[in-house]
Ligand code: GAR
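In structure tokens, one chain follows: the form predicted on its own.
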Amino acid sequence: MSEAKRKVAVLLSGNGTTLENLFQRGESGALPIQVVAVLSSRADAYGLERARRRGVPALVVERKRFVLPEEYSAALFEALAPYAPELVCLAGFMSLLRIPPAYEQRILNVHPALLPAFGGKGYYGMKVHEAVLRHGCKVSGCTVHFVDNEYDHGPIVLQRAVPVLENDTPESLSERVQAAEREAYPEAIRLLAQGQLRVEGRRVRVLTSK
């Protein structure tokens, strides 16, 4: 198992709290990554400022400038190419991608529910937690998965469950799920960075570290 840091690009569309968590984990040595580029689908995303403060290239490829996901994805991966990321992490990135063959099984996302429940187009942010409460679920959580060409569809790497409490609001449930995400996402990234994940169809096996 190599301890060399893997070069990571982070894609986002908003505040960048997940990005901040990854920055802190990488800087502390808890996560074997170096964020080499941050790219946003929106020019006003605060996550870009978080990158600039650390001297990390902050890129913008606005989704609204493109009609088709294929066109947008081609422009996005072209913008990332000079930084040669080994892994790509979605961190609140709101646009559908078409994954080039070279990036298959190299892109991760974290979703604020236990997929395949409450996933797909239209299920994002607080809308997910509202749906969980509306359906009367007793547990929720987060899912880290590989990214493919559909929303919230790729093979599941790991999941963490949290209880849904009787007096929960979407906001209070979101806080509990986000706390789970802050632990689960770095763990999945670490496993991928260290070559401990093997995809077999829809199943992801975690290999014993060497």
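For every residue, the number given is its place in the sequence shown, counted from 1. Computed from a predicted structure; not experimentally measured.
This protein has a second form, the form predicted in complex with this ligand, left out of what is shown; the following refers to that one.
Asks: In the model of the complex, do 18, 112 and 152 all reach within 4.5 Å of this ligand through at least one heavy atom apiece?
Replies: Checked in the model of the complex: all three residues contact this ligand.
Asks: Which one, 96 to 104, 130 to 138, 117 to 125, 76 to 84, holds residues whose non-hydrogen atoms are within 4.5 Å of this ligand in the model of the complex?
Replies: Residues of 117 to 125 come within 4.5 Å of the partner.
Asks: Is residue 88 a contact residue for this ligand in the model of the complex, using a 4.5 Å heavy atom cut-off?
Replies: So residue 88 does not count as contacting this ligand.
Asks: Decide whether residue 34 counts as a contact residue for this ligand in the model of the complex under a heavy atom distance cut-off of 4.5 Å.
Replies: Outside the cut-off, so no.
Asks: Considering non-hydrogen atoms and a 4.5 Å limit, does this ligand approach residue 172 in the model of the complex?
Replies: The answer is no: residue 172 has no heavy atom within 4.5 Å of this ligand.
Asks: Please determine whether residue 178 contacts this ligand in the model of the complex, using a 4.5 Å cut-off between heavy atoms.
Replies: Flag for residue 178 set to yes.
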